[in-house]
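Given as structure tokens, the chain that follows is alone and in the form predicted on its own.
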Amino acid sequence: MPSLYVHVPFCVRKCSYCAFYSLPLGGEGSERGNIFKYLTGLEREIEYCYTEAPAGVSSLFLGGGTPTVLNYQELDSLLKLIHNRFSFRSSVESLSIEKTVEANPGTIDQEKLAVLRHYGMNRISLGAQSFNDDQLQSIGRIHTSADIELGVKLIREAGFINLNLDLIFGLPGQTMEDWKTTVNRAVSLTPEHISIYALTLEEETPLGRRYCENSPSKHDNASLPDDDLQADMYGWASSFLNSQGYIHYEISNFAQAGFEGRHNLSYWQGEDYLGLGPGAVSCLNGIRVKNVQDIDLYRNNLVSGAKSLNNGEVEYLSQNQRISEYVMLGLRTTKGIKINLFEEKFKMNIQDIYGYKLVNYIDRDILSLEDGWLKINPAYLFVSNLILQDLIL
């Protein structure tokens, strides 16, 4: 049974590092009218998926964009569409369904939170990013550190007991002391989950155009923390969060016991997922599809009877691609890959596939193979992307 991701492509203002498909949403007029186009298209896409894909899903994740930029009536319409068409059943029988919504400080209030609770949304991922107001402004965030604290207060008062805070390190001008202050202030708010990400520079974003090496408009990048400092930031945060009772269960993710993000774990374990909305990605039965990143095309195609899932990008994954992605995603987690599950899924022995390359990494203590699990040595987690790229078949 797949997990369900719904892309809500709206935000107050696009952050200078964001490469996801989203549109700025004003108070009135044509910008607000895009919500009607979105909901109309989504209703048609859900109808299509309901008849041609499994109606049952194992988790729900509303991402964006910023889903909570919608007003409470629009949120109600969105969630009603989803819950009228899909049934939810946890992949772990003893656990409740995980239903996550991404939110930004300054876009949540009591009415919106009440709507989310009404539909059983039980996990909020709040885009804090930093507790340094100057750094927040430098990357185009709309909120302040005080807004983060107010947002957490509202979320707790509304009865949510599963909160994630997103944090970014490697920001322009960020020092180790800045980063320690941000992480300490995040922990002081006692979220059940904390995600830490290194700043990623995409060339098509304003920040990328300023700092990317290959960008024709590149400016001086002296204010960006170098690789060594970023590695120190990551290492310090990992040790500190562990000391505060957070389990480091995936490269970028830390959770109190029992609060690991189950929706994202389904991705890392190579399970199927269904993505709805413009720009969303699905992967079902080895076929990966990306919807068109244009709200007008998305809505008009669906209303005219076309199937948006076939108007975006379609990729039929080969066996080698499926193995490579399973290994890359599985090794992101600190548990790693369970060898017998790998063999059951692919009918092949992982050591026969990777041969000397695997032996070499194990001999160098970069990977370990113990008690039926293949995993990365925690000391190499920060540079794991280089190792994982080497394991692509």
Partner chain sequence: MAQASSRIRNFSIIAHIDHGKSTLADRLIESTGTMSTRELKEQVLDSMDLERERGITIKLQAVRLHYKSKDGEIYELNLIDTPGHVDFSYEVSRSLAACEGALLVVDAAQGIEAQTLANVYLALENDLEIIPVINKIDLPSADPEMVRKEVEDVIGIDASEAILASAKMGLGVEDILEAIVKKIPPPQGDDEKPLKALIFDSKFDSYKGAIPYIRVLDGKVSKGTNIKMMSSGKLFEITEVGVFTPNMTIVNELKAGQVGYIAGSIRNVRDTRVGDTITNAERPATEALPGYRKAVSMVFCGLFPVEASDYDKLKDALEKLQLNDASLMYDNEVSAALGFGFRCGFLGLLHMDIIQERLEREFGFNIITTAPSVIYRVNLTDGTQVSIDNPALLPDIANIVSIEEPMVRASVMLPSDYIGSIMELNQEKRGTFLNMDYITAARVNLQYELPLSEIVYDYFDQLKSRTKGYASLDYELIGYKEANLVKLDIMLNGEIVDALSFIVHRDKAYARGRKLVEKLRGMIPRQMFEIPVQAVIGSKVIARENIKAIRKDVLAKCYGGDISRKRKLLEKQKEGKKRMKQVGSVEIPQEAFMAVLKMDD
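Remember, predicted model here, so these are calculated numbers, not experimental data. Positions refer to the first chain, counted from 1.
The same protein also exists as the form predicted in complex with its partner chain; that form is not shown, yet it is the one meant from here on.
In the model of the complex, F342 stays away from its partner chain, with no heavy atom inside 4.5 Å.
In the model of the complex, no heavy atom of I247 sits within 4.5 Å of its partner chain. Although the partner is absent here, D76 lies well away from its partner chain in the model of the complex, with no heavy atom inside 4.5 Å. Not displayed here, its partner chain is kept clear of E149 by more than 4.5 Å at the level of heavy atoms in the model of the complex. Of the listed positions (D228, E157, E177, D296), a single one reaches within 4.5 angstroms of its partner chain by any non-hydrogen atom in the model of the complex, namely D228. The listed set N264, N132, N162, T100 contains one residue whose heavy atoms approach its partner chain in the model of the complex to within 4.5 Å, identified as N264. Proximity of V12, V69 and I142 to its partner chain in the model of the complex is absent: no residue of the three has a non-hydrogen atom within 4.5 angstroms. Contact with its partner chain in the model of the complex, defined as any heavy atom within 4.5 Å, is confined among 182 to 190, 316 to 324, 103 to 111, 239 to 247 to 316 to 324. Residues are counted as partner-facing when one of their heavy atoms sits within 4.5 Å of its partner chain in the model of the complex; in 375 to 390 these are Y380, L381, F382, V383, S384, N385, L386, I387, L388, Q389, D390, in sequence order.
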